[in-house]
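First, one chain by itself: the form predicted alone, in structure tokens.
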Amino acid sequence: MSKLIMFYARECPHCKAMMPHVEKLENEENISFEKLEVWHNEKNADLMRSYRRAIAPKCGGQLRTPTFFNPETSDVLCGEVPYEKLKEWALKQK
């Protein structure tokens, strides 16, 4: 199974809205996300920036939170999305 990353920010309302979806998905589908905070953790922010070429084109030309990323395939899902969309994206990463 692929390692999936969720780039998020503590104060980001969209990130807060997505956390219950992520936790539900982890519990129901045995999928795990590495959750990396990027507004207060420079190491995580640098990692996200290192994937800019893959992420930015799918996120309106910039780096945004939350961003869901598969480093193996460079597949990206950006922003606050319905649970079903997150689930569909995550399951195709398996």
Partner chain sequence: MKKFWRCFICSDIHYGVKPPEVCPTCLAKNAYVEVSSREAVKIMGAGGTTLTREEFRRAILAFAEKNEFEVNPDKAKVEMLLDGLFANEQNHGLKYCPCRLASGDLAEDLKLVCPCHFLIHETYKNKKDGECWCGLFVRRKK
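Positions refer to the first chain, counted from 1. Values in this document were obtained by computation on a predicted structure and should not be read as measured data.
Keep in mind the form predicted in complex with its partner chain is missing from the figure; the text below concerns it.
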| property | result |
| --- | --- |
| Proximity to its partner chain in the model of the complex (heavy atom, within 4.5 Å), stretch among 5 to 13, 82 to 90, 20 to 28, 69 to 77 | 5 to 13 |
| Contact of Gln62 with its partner chain in the model of the complex (heavy atom, 4.5 Å) | yes |
| Partner contact for Glu42 in the model of the complex: its partner chain, 4.5 angstroms, heavy atom | yes |
| Its partner chain contact at Met48 in the model of the complex, heavy atom, 4.5 Å | yes |
| Arg52, heavy atom within 4.5 angstroms of its partner chain in the model of the complex | yes |
